[in-house]
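Only one chain comes next, encoded as structure tokens, the form predicted alone.
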């Protein structure tokens, strides 16, 4: 006979540990999910082509695009004329990105570290960013000519604002208690900036860089559309004028690889220098 005060398992207090329910779709491995999503996209694309939801003159089939991807890839590997065009666009993107990072970081310091920058400079930067920046392309061409300089300038112009915002936001990321501690210890403004604000603000800075990697490709290609050139943007313009839509789709895909490559480089650098933030920000990204 059991003791009257004894507790059975059913009488035991329920556990108070909260556990998050993981949905079935979140249990699918990342690589499998990406492959399934790609297959679904290709099926929808093929269905739209087969049922002529969009004119076949405007939209190529996935197979036609794949054939053109192979053709362009062979041309690149054998050192054909497209390799020179890709190299030109890559130079425009890389140089525009580096200029955007330098100018954006300096303006971000001005805005995030000084009251003058925040109150007087930032409104003008916001106003400039609100303008249709593509409309500046003819001005850059008239100022810098039809060479690579005008494309680099437009690419940097379009990509600089995310870097400014990311830098300024990072400088404000340190909480007031940490700033007060540094002031109490007699740290100078420079020491507080270098040892507190910049390290804590690095995740925000790299977020701005990642946004810039996407926009800088857009700026370079738009510059080639409107101002001539010898890069992939010019090849897309010529293919579109000839209604060679498989070639247009193919070149756009290669340009996306260029943007992804730059994004990957920034992510690798972030993993290296902002390793303490990996668990909260970088989890799930490439290399994590």
Partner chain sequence: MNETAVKAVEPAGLGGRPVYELHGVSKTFVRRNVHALDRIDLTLAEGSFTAVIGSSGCGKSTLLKIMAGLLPPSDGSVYLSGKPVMGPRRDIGMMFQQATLFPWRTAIENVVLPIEVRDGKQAAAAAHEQAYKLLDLVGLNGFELVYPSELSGGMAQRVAICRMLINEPTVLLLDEPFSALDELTRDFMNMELQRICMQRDATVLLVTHSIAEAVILSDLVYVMSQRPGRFEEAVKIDLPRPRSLDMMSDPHFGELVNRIRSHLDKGAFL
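Everything numeric here is computed off the predicted structure, so don't read it as measured data. Residue numbers count along the first chain shown, from 1.
Only in words, not in the display: the form predicted together with its partner chain, which the text now covers.
Visitor: Only one of 177-185, 145-153, 83-91, 70-78 has heavy atoms within 4.5 Å of its partner chain in the predicted complex; I'd like to know which.
Guide: Answer to the contact question: 177-185.
Visitor: Do heavy atoms from each of 45, 50 and 252 fall within 4.5 Å of its partner chain in the predicted complex?
Guide: Looking in the predicted complex, the three residues 45, 50 and 252 all stay beyond 4.5 Å of its partner chain (heavy atoms).
Visitor: With its partner chain left out of view, which of 122, 106, 196, 134 would have a heavy atom within 4.5 Å of it in the predicted complex?
Guide: Selected residue: 196.
Visitor: Let me know the one among 169, 200, 214, 99 whose heavy atoms come within 4.5 Å of its partner chain in the predicted complex, would you?
Guide: Contact residue from the list: 200.
Visitor: Decide whether residue 191 counts as a contact residue for its partner chain in the predicted complex under a heavy atom distance cut-off of 4.5 Å.
Guide: Residue 191 belongs to the contact set for its partner chain.
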